[in-house]
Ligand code: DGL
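Next up is one chain by itself, shown in C-alpha cells, the form predicted on its own.
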C-alpha cells in the first residue's frame, strides 16, 4: 500500500480521545483512522510515568499491525509521559496533545484561568514547561476521578454536578476568565461544566492537535489522494461495550461553548 493511503493511528486511555478523532474526521474527512481505546487499563492519569510509557508502547505496537502512517496520542497524560520516548524509538510521525494554556493566556487580564487536568498531566515536565511560558494567572486543578464519568457515559448526572460543585467551590468569588480542559475526556463533560461556569470560555487542544497532524502530513506529502470519505475503525481493550460507547460518542455532537 502506498504510504499516503495508509491509515492514521490514534489512541487514548479510554473513550476521551474520541473527541480528538471527531475533530480529525471533520478536518481530514478523506483519511482512514484506526482508534484504540485502552479502557482495560484506564485511567492513565493516576499511574506513574513508567507504567504509562509501558502501556503506550503496547498500544503503538498494536497500531503498527495496521501499517499506520502516523500516530496521534489523543491523551494529555500519555503525551506527557511517553511522547518523547516514543519519538526516539519509532521513525514515523507521532503527534501529541497539550493542555490549551497558550490560547487560554489570551483571555487573561486581572482574573484567573482554571486548568483542569489529571494528576499525571499536571505533574509532568511538559505541563511545567507550559506553565513557565503561559502560566500567568493559571490555577491548576488536578481532577482524579473526573475522566471516569466519561468512561461510564455519565455526562450529566447528579454525581458529576456534585463533583464540579466541590471542585469549583473555592473559586466562586473569583473572576474566572477561561477554563482549560486538559484531558480529552473532559470535552464530553463540557456541557455539564458550562452550567457551573456560565459565559466562561472552555478551551481544549483538539483542533490545534489535528491542525498539526494535517500540516505534518502535508509537509511529508502523505495526505491521502482519495476523494471519498475515509473509514474509521474503533478498537478497545475494554471489549464490545467500550466500542459501543466510543461509536456513540463519535456520532454525538457536543454543543459549542464560547
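Note that this is a predicted model, so its numbers are computed, not measured. Positions refer to the first chain, counted from 1.
Just so it is clear, the following notes concern the form predicted together with the ligand, a form of the same protein that is not shown.
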- the ligand contact at residue 184 in the predicted complex, heavy atom, 4.5 Å: yes
Q. Heavy atom to heavy atom, is residue 180 within 4.5 Å of the ligand in the predicted complex?
A. no
query: Looking in the predicted complex, any heavy atom of residue 115 within 4.5 Å of the ligand?
result: no
Checklist line | 4.5 angstroms heavy atom contact with the ligand in the predicted complex for residue 45 | finding: yes
Within 4.5 Å of the ligand in the predicted complex, heavy atom basis, the matching stretch of 76-84, 103-111, 162-170, 129-137 is 76-84
Applying a 4.5 angstroms cut-off on non-hydrogen atoms, the residues of 1-32 near the ligand in the predicted complex are 12, 13
